[in-house]
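Heads up, the chain below is alone and in the form predicted alone; it's given as C-alpha cells.
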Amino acid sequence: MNAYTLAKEKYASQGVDTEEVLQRLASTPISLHCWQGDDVRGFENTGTDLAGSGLAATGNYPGKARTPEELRQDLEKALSLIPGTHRLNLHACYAELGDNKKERSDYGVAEFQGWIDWAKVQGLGMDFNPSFFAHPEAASGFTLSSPDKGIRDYWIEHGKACRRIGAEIGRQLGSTCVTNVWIPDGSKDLPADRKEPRLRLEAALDEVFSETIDPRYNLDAVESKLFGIGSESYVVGSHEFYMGYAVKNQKLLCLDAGHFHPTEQLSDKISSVLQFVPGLLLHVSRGVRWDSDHVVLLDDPTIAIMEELVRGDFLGRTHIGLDFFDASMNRIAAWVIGTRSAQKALLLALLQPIGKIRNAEESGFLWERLALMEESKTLPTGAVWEEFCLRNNVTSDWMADVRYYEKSVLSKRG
C-alpha cells in the first residue's frame, strides 16, 4: 500500500473523502501577483519610482525581470512548480507601451493584449488592478481623494479605463476578471480634516463605477489599509470607509492580511463581511511587525483564513490572490513557496473532519470539539499533498529546478 492509500483510509475513518478534497483543491485557483517578479517596477518608465507611493520592495537579489518577456518566462517557471491551474494578477503599470508614450488615463486593452494572449496559451484566468502610485500625478500622496480636481479627474479616468480593460480580459479569456481598487492616499502626520478627503473619495469612486459593466466579465473590488509608508497617521481608504462603501454599493471587499493591526485576525472578519457584501477578494500576505508583505507561509494566520473559508462554505464567493514582494530572495522561489503554502493551508482546512467537529459543538461537547481540531493536525496531510502534486505532474524536488533556472537564466541578466 502506498502512502496516499493509507492516508485515504485514515481520513475515511474520520468521515473525510480525500478524492472529493483533491477535486475541490484543484478547482480553487490562486491568483499569482505579477509584481513579485520585478519588485513592483512595471514597464512604463514614468520617471517616478516607488518612493513616497506607499510601497517598498527591500533587497537586491540578482535576476529580476526587466521586460514583459522575462517576467512571463519567470511566471511560466513558477507555475510549472505549483500544482493546479491558477490565475495571473496584473497591475496597470505593467502595460506594454513599446515606443509609444501614453497616459494611464488613456490605457486600453491594446496595452495588455500581450498579457491576455499569453494567459490564453497558458490556460490562465486574469485579474487586474489600476495603478494609483509611482506616477507624477500621485506625487502629492493623494489621487482619487485629492483636493485638486485635475488630479482627481486624471485618476477617475484611469479607474474607468481599467474597468473596461478588466471586462475585455474577462471576455477574451472566458473567465471573470476581478478589478481591484487600492489607493495610497493619506497623511504622514496628523491631518486637520479627515472628513473632506473621504467625501471626495466616495464621489470619485461613484464616478469610476458609473459605467455599467457585465458582471460575467468584470467584478469590482475595493481594498482598505490601516496605514502606509508616508501615510502612517491617516489613510483615507480605511477599513470602515471601504466596508461601508462595499455594503452600500454591493462591491467585492478586498481584505489584505497585512492591512490591519498586528493583533487583528483577518479570518475573524470573513463571516461578518460576507453577511453584507456579495463576495470577497483576499490578498493573502504575511506582515512581520507591519504591512511588510513577506512571502506567505503555512502558518497559523494563513491556515485560519482557509479554515474560515471552508467551515463557512465561502469558497464559492471568495477570490483568492497573493500579495507580497520580496526582493531579498530568488523571486521564482518566493512565488512557489507562497503559492504552495496557501494551497497547503487550504488542503489542511478541507481535510479537517468538519462534520464531526460541528456535531461535537452542536451537542455541547466543547472539549471534544477542541480535541478533534487538535487531533486533525497530525493526520497524514503530507501524503495527500504529494498525491496532488503527482496528479498535476509537479516535481517534489522543485528547489533543484529553481537552482538550475537561477544558474542558467537569472544569473545572465546582470
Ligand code: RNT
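Throughout, we count residues from 1 along the sequence that is shown. This one's a predicted model, so the numbers in the text were calculated from it and none came from an experiment.
Omitted from view is the form predicted in complex with the ligand, to which the following refers.
The partner is not drawn, yet in the predicted bound form one stretch among 139 to 147, 319 to 327, 339 to 347, 191 to 199 has residues with heavy atoms inside 4.5 Å of the ligand: 319 to 327.
For the chain shown alone, residue 331 is not a contact residue for the ligand in the predicted bound form, no non-hydrogen atom being within 4.5 angstroms. When contacts are judged by a 4.5 Å heavy atom cut-off, residue 133 counts as touching the ligand in the predicted bound form.
Looking at residue 379, you'd find every heavy atom of it more than 4.5 angstroms from the ligand in the predicted bound form. The closest heavy atom approach of residue 335 to the ligand in the predicted bound form falls outside 4.5 Å. The single contact residue among 111, 168, 74, 223, judged by any heavy atom lying within 4.5 Å of the ligand in the predicted bound form, is 223. Proximity to the ligand in the predicted bound form, defined as a heavy atom within 4.5 Å, singles out one entry of 357, 351, 65, 55, which is 55. Taking the partner from elsewhere, no residue among 103, 155 and 163 has a non-hydrogen atom within 4.5 angstroms of the ligand in the predicted bound form. Residues 283, 291 of 279 to 315 are found to place at least one heavy atom within 4.5 Å of the ligand in the predicted bound form.
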